[in-house]
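Just the one chain here, the form predicted alone, laid out as structure tokens.
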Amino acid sequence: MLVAGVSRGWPEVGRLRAVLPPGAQLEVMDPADADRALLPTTEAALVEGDAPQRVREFAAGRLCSRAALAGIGQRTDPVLMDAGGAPAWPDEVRASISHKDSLCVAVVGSTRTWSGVGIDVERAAPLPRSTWSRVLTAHERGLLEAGPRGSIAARATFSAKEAYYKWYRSCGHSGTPDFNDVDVSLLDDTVVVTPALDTDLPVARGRCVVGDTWIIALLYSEPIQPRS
């Protein structure tokens, strides 16, 4: 069963819902509550034989997606996979899913709401220092080492990058940027992702909510206006 978020100890969800643009829908679920039997046969077949936890997380993602699609008045056909294994959304939809063992989030909007979207959820736990040089730029490491939130902010930076990669593909760009190709700037709940030196990647903006339990990063871009 889908829940509002705050009642399950997910105040981060409520904070993110409060800043969504008009026309966007965010749904959440604990994968432990996901019933695979509710999936259409074509969706269930995508995880046939997978580990039980993987099946629960997949089911939660698809159930949240279906509820979000219905919430914006879109059809709720099975969400299958594209050639790269990502969800294959209807042409008029831009959406994103992320999940961990006990929280799944799906956010959906039409192309009138945004031209691309990416979401990522992470545990609000320190990012191990051993990974900093691999996933953070030198510029980011310098800022984080001098800042008051240290490795929690590093985890939020990592989450924003994961959301950026999904946003990038959602916008129709090909390829996958590397962790060192973009710089993340965090200010309160606002996040801006800019190209690092020697890259020409697009800028993305959004929100990164850091709570006691979860970090949720959401990036999206304005809808493309038709030419007059």
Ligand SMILES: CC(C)(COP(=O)(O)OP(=O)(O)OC[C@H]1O[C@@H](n2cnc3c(N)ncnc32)[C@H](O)[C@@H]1OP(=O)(O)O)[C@@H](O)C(=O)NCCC(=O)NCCS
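Keep in mind that this is a model prediction, so the values were computed, not measured. All residue numbers refer to positions in the sequence shown, first residue = 1.
Not pictured, yet referred to below: the form predicted in complex with the named molecule.
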**Asked** Only one of 106-114, 67-75, 81-89, 123-131 gets a heavy atom within 4.5 Å of the named molecule in the predicted complex; which is it?
**Response** 81-89
**Request:** Answer for residue 155 alone: is it within 4.5 Å of the named molecule in the predicted complex, judged on heavy atom distances?
**Result:** no
**Prompt:** Is the gap between residue 30 and the named molecule in the predicted complex 4.5 Å or less for some heavy atom pair?
**Reply:** no
**Message:** With the partner left out here, check for me: in the predicted complex, does some heavy atom of residue 162 sit within 4.5 Å of the named molecule?
**Reply:** yes
**Message:** in the predicted complex, is there a heavy atom of the named molecule that lies within 4.5 Å of any heavy atom of residue 178, even though the partner is absent here?
**Reply:** yes
**Request:** Name the residue from 34, 39, 182, 26 that puts a heavy atom within 4.5 Å of the named molecule in the predicted complex.
**Result:** 182
**Request:** Select from 53-70 the residues with a non-hydrogen atom within 4.5 Å of the named molecule in the predicted complex and write them out in sequence order.
**Result:** 54, 58, 62
